[in-house]
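First comes one chain, alone, set out as structure tokens in the form predicted alone.
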């Protein structure tokens, strides 16, 4: 009876997967990062070396319609703002009215890049396809829709039962493996993402402390208006 039950559950999982396209699977997986169209997230990033935290930073991220505005809450860059808009990525230093253009792959802290923090939804910037189906996971290949995406290609594994993200590998245009990501989900929300590069003694953990529904004015999602007050 136990074996029959397991087989039945597997068949049900595969039937659900079979009815969903790669785009639909990725959109469901994205909801574990944030279930809201307009969201405010409190995020902490801890950088580790040999199991010891070397540096920690806290951020408040406002995400909507595939765009993000980030407040840096502590550290040397406290007061800075980061914008990921449809026109590119910018940093506005706390003591300057001018925004400086940057690339999403530029390192933010440890193994985490600016794009890792601000680019919360893969479905906005990547075209997915199913490349492998296993007993418990489906593997998606994500190809960047435009050169401004953080990575050229991502290989993402999601569970068959609820499309929860499990792990991912990020690749550069050259085809070189750049970093690996491990996802930890609690309930229906992503709790942490662990980033690892070549050095096995180093890792960076992004923790999602809280997420809530919040919309900000569109004028803040521009390089000229990104320093305006958030109410």
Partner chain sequence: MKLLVLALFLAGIANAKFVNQVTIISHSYKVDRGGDWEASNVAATLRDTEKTNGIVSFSGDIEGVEYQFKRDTETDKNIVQKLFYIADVNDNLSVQFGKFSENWQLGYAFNPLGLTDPYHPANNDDDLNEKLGINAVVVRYSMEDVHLDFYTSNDNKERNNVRGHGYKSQAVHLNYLLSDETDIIMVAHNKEEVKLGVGAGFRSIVNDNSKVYGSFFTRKGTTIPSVPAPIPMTAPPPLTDRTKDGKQYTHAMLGWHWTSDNNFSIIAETSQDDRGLSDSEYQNMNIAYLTLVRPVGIRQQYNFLRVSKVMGEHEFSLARRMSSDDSALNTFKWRYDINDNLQLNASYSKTTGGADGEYKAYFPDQSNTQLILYYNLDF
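Computed from a predicted structure; not experimentally measured. Positions refer to the first chain, counted from 1.
Just so you know, the form predicted in complex with the partner chain exists too; it's not on screen, but the next bit is about it.
Residues of just one listed stretch (156 to 164, 95 to 103, 115 to 123, 129 to 137) have heavy atoms within 4.5 Å of the partner chain in the predicted bound form: 95 to 103. Relative to the partner chain in the predicted bound form, residues 146, 218 and 222 are all within 4.5 Å by at least one heavy atom.
The partner chain in the predicted bound form is approached by residue 57, whose closest heavy atom lies within 4.5 angstroms of it. Contacts between stretch 75 to 89 and the partner chain, counted in the predicted bound form as any heavy atom lying within 4.5 Å, involve 75, 76, 78, 86, 87, listed in sequence order.
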